[in-house]
Every structure is written in C-alpha cells, then in structure tokens.
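Presented as structure tokens, the chain that follows is alone, the form predicted on its own.
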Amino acid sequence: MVGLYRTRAVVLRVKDFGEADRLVTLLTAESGKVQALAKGVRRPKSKLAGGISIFSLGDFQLWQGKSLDGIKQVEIIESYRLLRENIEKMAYASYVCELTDQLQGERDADSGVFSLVIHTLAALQDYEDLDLVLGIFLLRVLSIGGYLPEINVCVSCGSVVPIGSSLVLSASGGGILCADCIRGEKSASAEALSLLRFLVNADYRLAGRIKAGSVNYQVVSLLMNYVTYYLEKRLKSSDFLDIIREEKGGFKSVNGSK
C-alpha cells in the first residue's frame, strides 16, 4: 500500500465516527499530533480494537490519506490499563491528554512533549501522589511552550519574593506577586511558594517519596487556573478533575489568578 508509515504514538482522544469507525487523536514521536481513522474498529471482530484505547502507547502503522490518515495496524507497548480502571487516575490522565491536545498543533513535532506525556502517564499509573505528578507536568509543559510563570521576582514591582512569603500567582501578569503588590488577592500558603520553586526541577520519582498534602493541592489549583487563563477557555476534563480532587483531599480550591 502506497503511503504507509510507522510511528510510535500515544492515544490522546478517541471519538466515534460513522457507524463502525473511530477518529483517533495520536501524539506521535516523529510527526507530532495526528488525526487518524480506525476503520471498522467498533465491529466485534476488529483486530484494531485492543490497541485503540485512550492513554495507550503503541507502535502504529498508518496510511496517508488526503484529509485523514488511517490506522492499519497497532502493536501495544504499554496499555496504561490502571489509568482507565481507577477513576482518580483517569481524571488526572484525561486532563493531561486534553491539555496536550489543546497545546499541540497538527503535525507540529516536539519530541520533548511526547517524552513528557508518556513519562507523566507512567507516573500517574505508578504513584499515588497524583497532584505532585500533575504539578510537575504542568510546569514542564508550560516551560516547553514558553509560558512558564516567573516564580522568583514580583511581576508587578520586580522585587525578589523571599521564601516564607504567601503566594499569589497572577496569570495576567505572568508570575508571582510580592506582599506589597498582592492588594487583597486571596493567597496560598507560604509553603506553596517553596513547593512551586522545588517542582520546577523535580523528578517524578519524588511522587513516591514525599507527601505535601494540601500544599500540593494549592499549587496544582494555581497552575490549572494559570493554564485556563492562557488557553482562554476551561478544559472539559477540568470539572471532573476538580470534583475528584476536592472529594479526595477535602481542601478548598485556591484561585490565585488576577
């Protein structure tokens, strides 16, 4: 078949298409985000059915089409089954995949994003401190996109914000505010600033060793609001994730945007 190519990819989104097909959004290692059609995958005897599951990582053989590529074969490398079977992990993984889908352009290859996503899904499956994992992911993906907030100096007056200060993350300003510039904004705890600075260079393995509880919750809430501001819309998975996080942790969300 003319136009066949192989690529390693993770499934970001799956949507029913027609009577028996599915439209699959893939994040590939070589070609970035690709929309591909899995023909007949909803039929009982389809050989593709087992490999076309959200979050799964596989080696795909695709054919090039005029408007959509098509999936011919897939060999599963890692199914990340636990992410689909555990409702908490599913909420976090869904947010990661939807955010990646929104940030990545069609055919805009970025090996750094691909590596980040598969390592994040693996960490969400392996570790229990899901907020810590999500916090690291959000900081990394913001950094790759050039949107990493300023977390050392006040974006209003330019003064250094010392450890021990309460945290307000101004989305419109692109970073943190000092005590003099907060002006009544609702702030997170001083520990949140320390954790935010720590997570910028943190490794996912820390999620298996440290527990920060409500501080993790606050930092992730701040970063999710920051992401929403730059996307100029709220992700569909955010509502589901907010419910899961509040039920699990029992902490009140911190807005922190300005």
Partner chain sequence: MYARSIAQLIEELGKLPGIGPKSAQRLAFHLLFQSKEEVKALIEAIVKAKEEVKYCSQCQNLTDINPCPICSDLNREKWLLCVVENPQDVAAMERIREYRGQYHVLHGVISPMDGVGPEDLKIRELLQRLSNQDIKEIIIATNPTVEGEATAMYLAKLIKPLGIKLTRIARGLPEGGDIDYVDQLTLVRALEGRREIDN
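Since we're looking at a predicted model, the values are computed, not measured. Positions refer to the first chain, counted from 1.
Only in words, not in the display: the form predicted together with the partner chain, which the text now covers.
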Exercise. Would M90 show up as a contact with the partner chain in the predicted complex if we use heavy atoms at 4.5 Å?
Worked result: yes
Problem set entry | Contact test in the predicted complex: E85 vs the partner chain, heavy atoms, 4.5 Å | yes
Exercise. Heavy atoms within 4.5 Å of the partner chain in the predicted complex: does S214 have any?
Worked result: no
Exercise. Would C97 count as a contact of the partner chain in the predicted complex, using a 4.5 angstroms cut-off between non-hydrogen atoms?
Worked result: yes
Exercise. When you measure heavy atoms, are G105, D108 and C178 every one within 4.5 angstroms of the partner chain in the predicted complex?
Worked result: no
Exercise. Quick one: of S53, S194, N225, T28, which gets a non-hydrogen atom within 4.5 angstroms of the partner chain in the predicted complex?
Worked result: S53
Exercise. Among 197 to 205, 216 to 224, 57 to 65, 37 to 45, which stretch sits within 4.5 Å of the partner chain in the predicted complex, heavy atoms only?
Worked result: 37 to 45
